[in-house]
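Only one chain comes next, encoded as structure tokens, the form predicted on its own.
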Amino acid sequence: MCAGKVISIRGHEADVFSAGYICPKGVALKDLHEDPDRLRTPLIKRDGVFVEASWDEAFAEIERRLPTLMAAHGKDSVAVMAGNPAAHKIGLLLYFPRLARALGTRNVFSASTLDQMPKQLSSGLLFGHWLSIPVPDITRCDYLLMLGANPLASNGSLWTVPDFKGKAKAMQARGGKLVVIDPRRTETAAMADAHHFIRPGGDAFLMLGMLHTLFDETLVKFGRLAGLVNGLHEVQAAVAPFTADAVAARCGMSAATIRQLARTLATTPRAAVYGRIGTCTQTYGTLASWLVDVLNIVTGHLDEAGGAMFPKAAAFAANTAGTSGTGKGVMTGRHHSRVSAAPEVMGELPVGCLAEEIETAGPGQVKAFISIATNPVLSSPNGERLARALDKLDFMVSMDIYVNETSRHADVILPGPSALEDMHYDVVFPQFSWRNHARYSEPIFDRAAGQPDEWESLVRLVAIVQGKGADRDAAQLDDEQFASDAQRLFGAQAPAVVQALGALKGLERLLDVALRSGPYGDGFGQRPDGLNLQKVKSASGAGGGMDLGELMPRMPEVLRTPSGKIELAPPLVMTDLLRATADLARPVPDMVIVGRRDVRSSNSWMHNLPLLAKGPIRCTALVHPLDAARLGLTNGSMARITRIATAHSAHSAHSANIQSIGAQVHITASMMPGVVSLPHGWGHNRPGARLQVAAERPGANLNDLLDDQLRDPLSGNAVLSGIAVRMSAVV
């Protein structure tokens, strides 16, 4: 940095977690900070045109319109949604729930039902909490079986593992094996010891065949967890139809390979199964996510060194709070969506329900939408339908740094500061990390004059919703809320807690409370050697943060089920196995489409950054040479891709999104024959968006082909892969 400008960004070699590894998104923060398209001031739409406004004017406009609308139509008339960037922004993550609670609406959405809700649901059912997600202990693992995951591009997803390539190579150097199951020979598969193609949507069937083999060949073992597992006999009976021979055709793998995978997993002392986005974004997302953990459990690899282990985050991890080893567990379906009757999961409804809730008249119809760092017009299925629905709203607010394909529909846009103007502490990612740690980053730059932090904007929105007015001071409102929370959480000790926090305000106050009351914390003086914010800050400069050690066994302490045991046979999952049984003989389509992530373009908001956008065109349709020859496709040519109507979509009132998209062809043997791959998050050609770099290479939007009504019925997650399509050459 020089004279207020970023010269370069590089990794901190002393960092206790990353050891200096930095992904392209981190390097591109320079471009994001300097992006001329990034909003620096609020916008209000006047007569259909955005005009710049002051912050007071923007909040006054919200106060003028939103409370009146809620009074007329009820609390459920407002929908609210948080997007992917919120996971990287502590202010959004900690204060978004306050806004959702203040609104009191059932129409709460997030990006979770586009990529990860099946894993959160299966973890909750098995272990009692949505975020008790075991991850591979890669530094001690000798056999890692990976399904539908590409951590070489993602650095892990629900598994925070910077420099996966280096760690995997170290595993291989000591004799360990990496085996990848994927319909594409991904970057991760290319470095693996073995790669097996699988038919998209076949992951659950593969793992059921493996599980059947373990039972059939008496390879099931629990080790020290033997007394902590309920439901083994129910699972054994339920998987009886899924022999390796029965599932082979459904997953496109030989029965012999399926059996051998099971045997190797069971007989390797230190081994783990890991599944990610490919296992979640399919019709059996929850079933596949559950099976990943079941395989780890029944082979004795759960909660063991070198297996799948539970990280222990320093702050904000609910599975480190409360009574150890028992809890309330999780519930779903406490309410349902108004139109499709989709069950609530983790307090959220499926994103695929948002458009219909806006379109469908009647009590509870969504009339207003508050979008927090989201772009569902690109990232969710049938985005054109959602775009049309957003235009029917009475009012919309976006908190976003861009006028993008979704925020262009808003009446008010409230921009957040640059990431380099924010303090940073990872709230979510330490809960999935390969090693326990605590790190804090100071802001690099001061915020521009008048620019509030995102938590302050959310506090002001809460005040408007609660009728306290748009002009209340955010810091004062936050003080009032914190005093109430402290009394509720600490009771008679609240005054001592408040005194211990000194002059801390806002995010730093919440972070200090979380660290001090966390598993490594000082207990507000009760454990003098424990953590507090000041200690983490001091260690996070030249020292690179606080290393809290390798993953350690946490059973039964981590469990939050009412029984205090692992619930291996949740009724929801047992019922879904019946659906899978009936589906065993389903004919395989000639061609299906899957998405993909690229290390330089994992999310749509990254497409406007020159550093990441340069180089070869990445939004291409990958097809196998055999398919290319059969369909008359040539490398670099354009192809037309059309979704094939299914029995479901043929009866859907909104199947009009079945249409063709054009994409440039890239022929490669890395694809499984019969599968085409198109990346996620493109389609930057909507009018009204202000993304100059992205618009130069708009790309084709995979989600335009997908059905917003097609979901994993248990979790509500959108089905984004394994969809039957036709391809033809554009002449």
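A residue's number is simply how far along the shown sequence it sits, counting from 1. Note that this is a predicted model, so its numbers are computed, not measured.
What follows is about the form predicted in complex with a small molecule, which we do not show.
K.L.:
Does the small molecule come within 4.5 Å of a heavy atom in each of 114, 375 and 404 in the model of the complex?
P.N.:
Every listed residue reaches the small molecule in the model of the complex, so yes.
K.L.:
Please tell me whether any heavy atom belonging to residue 186 falls inside 4.5 Å of a heavy atom of the small molecule, as the geometry stands in the model of the complex.
P.N.:
Residue 186 belongs to the contact set for the small molecule.
K.L.:
Taking heavy atoms and a 4.5 Å cut-off, does residue 140 contact the small molecule in the model of the complex?
P.N.:
No.
K.L.:
Tell me, yes or no, whether residue 25 is in contact with the small molecule in the model of the complex, where a contact means a heavy atom of each within 4.5 Å.
P.N.:
Result yes; residue 25 sits at the interface with the small molecule in the model of the complex.
K.L.:
Answer for residue 605 alone: is it within 4.5 Å of the small molecule in the model of the complex, judged on heavy atom distances?
P.N.:
Heavy-atom contact with the small molecule at 4.5 Å: present for residue 605.
K.L.:
Spot the stretch among 524-532, 330-338, 591-599, 225-233 with residues whose non-hydrogen atoms come within 4.5 Å of the small molecule in the model of the complex.
P.N.:
It is the stretch 591-599.
K.L.:
Scan 136, 201, 118, 352 and let me know which has any heavy atom within 4.5 Å of the small molecule in the model of the complex.
P.N.:
Selected residue: 201.
K.L.:
Though the small molecule is not shown, can you say which of 383, 124, 518, 83 has a heavy atom within 4.5 Å of it in the model of the complex?
P.N.:
Of the listed residues, the single hit is 83.
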